[in-house]
Structures are given as C-alpha cells and as structure tokens.
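Only one chain is given next, in structure tokens, and it is the form predicted on its own.
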C-alpha cells in the first residue's frame, strides 16, 4: 500500500498540493485525474521522491520515501516521468537495461538479461531491440520507456501522463499493456491521466483532484458521474452508458 498523509507542496505563495491524504491499495490500476494545475503530477512526483515535500509523509509498504535508501526504494517503486529527454544515442535494449541498475549497479548478470528480455517481449519490442530510439515512432519510443520501468521489477509502477502525444490507437494499446501488467504480473499501477474516458475504461480506482486537493475518489462507476465531473472540471459534462461502459461528452 502507498499511504500519503497530509502532503503539502508550495512554490512561493502558490500551494500546488494542499494537505492531501490518500491510500492507494496494492494491485490494479489507479488513475489520478483532474484539470490542469490540480496538483496531479506534483503529487506523483512527491510520492516517487522526485520532488521534495514541504510537509507530510509518504510510505510504500511501510517504507518512508524520504528516509529509505535510494537503491532499496528503487526495488519497490519505479516511475516514468512526463518528460523523458535522452541526449545519448541509445538502442531500445540499452534503455531497457537501465531499469536493472538498482540490482546490477552497472554489472549486469544473467538474471538481469532475463528481465530485460522479458520486458522487451511483454512490450512487443523484440524486433526493435537493436534499433536506436531516434529511429522509432512516438508510440514505439513510449513503449520502450515503459519497458524500462517494467524491467525494474518493482511492485509499484508510477506513470505521469504516459499517453501524451499518442493517438487514440496507441493510447488504448498503452493502457491495455498497463492493465495487463497489473493483472498478469501483480503490479500496482498508478497513472496520471487527462482523458477521463480512458480512466473509466481501464482503471480500477480513480482519484480526482481539484485546486490542489482530493475532490473525490472511488470506482469508475462512482466517479464517472455527471455531477461530480461537472464540478471538478467546471464545464457541463454528460455521462452515457454504452454496453455497460460509462462514456463522457462535453456540451455547451
């Protein structure tokens, strides 16, 4: 379980996360949704220790993220940031191998190679393993970064807007892979999303943020609801049920 207690982050006079307390149970796919500026990415960055918190605490299966040694935490929790700029020219296999560093310390073993091959296979990147990242499409490159996270072999995997710059086909494919990782590999996946229809279709639990705080949380059936979403996004939203799936539309 990820347990977040009274988490606060401010930049100058602007509070971007304001006293957030939240429990994310192990297993399944949890999405964090909400309008721009709600604090979603900052919250995820504090959970993964990429951004220092001003107040509060985060524990992952009882491990305090602020005091746990980096290599220990990196074997329990992995994260894919929103911006992934790599200046060095790497092959897909080279990138995925970075996920093994908490274990190999730069000296890969046979066990590391097994995890690398497994991640490449899971993300269907075997035929692209020796291609350079700059030779790939945006969707292929994003799969390579997800494979790196998967290769780290942590119980908890955090993704900050992994669908950015992906068309609908690649976005759906990516979410299917993340859901499959949760169900078949027993991972806990936490993902920041902008598309509430994607959250409705692929997530087991939804956390909705607004104005730096938690506005609502629950199952898709509980959160994908007209009144709740219209209040969070401050625009009129209709919710339709099609073949048992809740789909949202906006209207003037």
Partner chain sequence: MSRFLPAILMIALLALVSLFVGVSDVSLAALANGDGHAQLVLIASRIPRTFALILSGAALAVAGTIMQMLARNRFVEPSTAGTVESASLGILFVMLFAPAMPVIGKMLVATAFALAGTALFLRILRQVPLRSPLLVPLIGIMLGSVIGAVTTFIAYRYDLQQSLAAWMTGDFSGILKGRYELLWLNLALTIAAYVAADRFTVAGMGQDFTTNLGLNYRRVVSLGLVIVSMVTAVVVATVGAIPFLGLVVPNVVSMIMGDNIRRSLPWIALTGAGLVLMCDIVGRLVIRPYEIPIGTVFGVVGSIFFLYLLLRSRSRVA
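All of these numbers come straight from a predicted model, not from anything done at the bench. Here, rigid core means the biggest group of C-alpha atoms that superpose within 1.5 Å across both forms. Positions refer to the first chain, counted from 1.
This protein has a second form, the form predicted together with its partner chain, left out of what is shown; the following refers to that one.
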item	value
Residue contact check: residue 98 to its partner chain in the predicted bound form, 4.5 Å heavy atom	yes
Partner contact for residue 181 in the predicted bound form: its partner chain, 4.5 angstroms, heavy atom	no
Residue 70, heavy atom within 4.5 angstroms of its partner chain in the predicted bound form	yes
4.5 Å heavy atom contact, residue 94 to its partner chain in the predicted bound form	yes
Proximity to its partner chain in the predicted bound form, single hit among 116, 171, 129, 74 (heavy atom within 4.5 Å)	74
Contact assignment for its partner chain in the predicted bound form, among 166, 177, 125, 148, heavy atom within 4.5 Å	148
Stretch from 46-54, 198-206, 211-219, 31-39 whose residues place a heavy atom within 4.5 Å of its partner chain in the predicted bound form	46-54
Residues in 81-95 with any heavy atom within 4.5 Å of its partner chain in the predicted bound form	81, 84, 85, 86, 87, 88, 89, 90, 94, 95
Residue shift check between the shown form and the other one, rigid core fit, residue 155 Cα at least 2 Å	no
Core fit, then residue 71 C-alpha moves 2 Å or more between the shown form and the other one	no
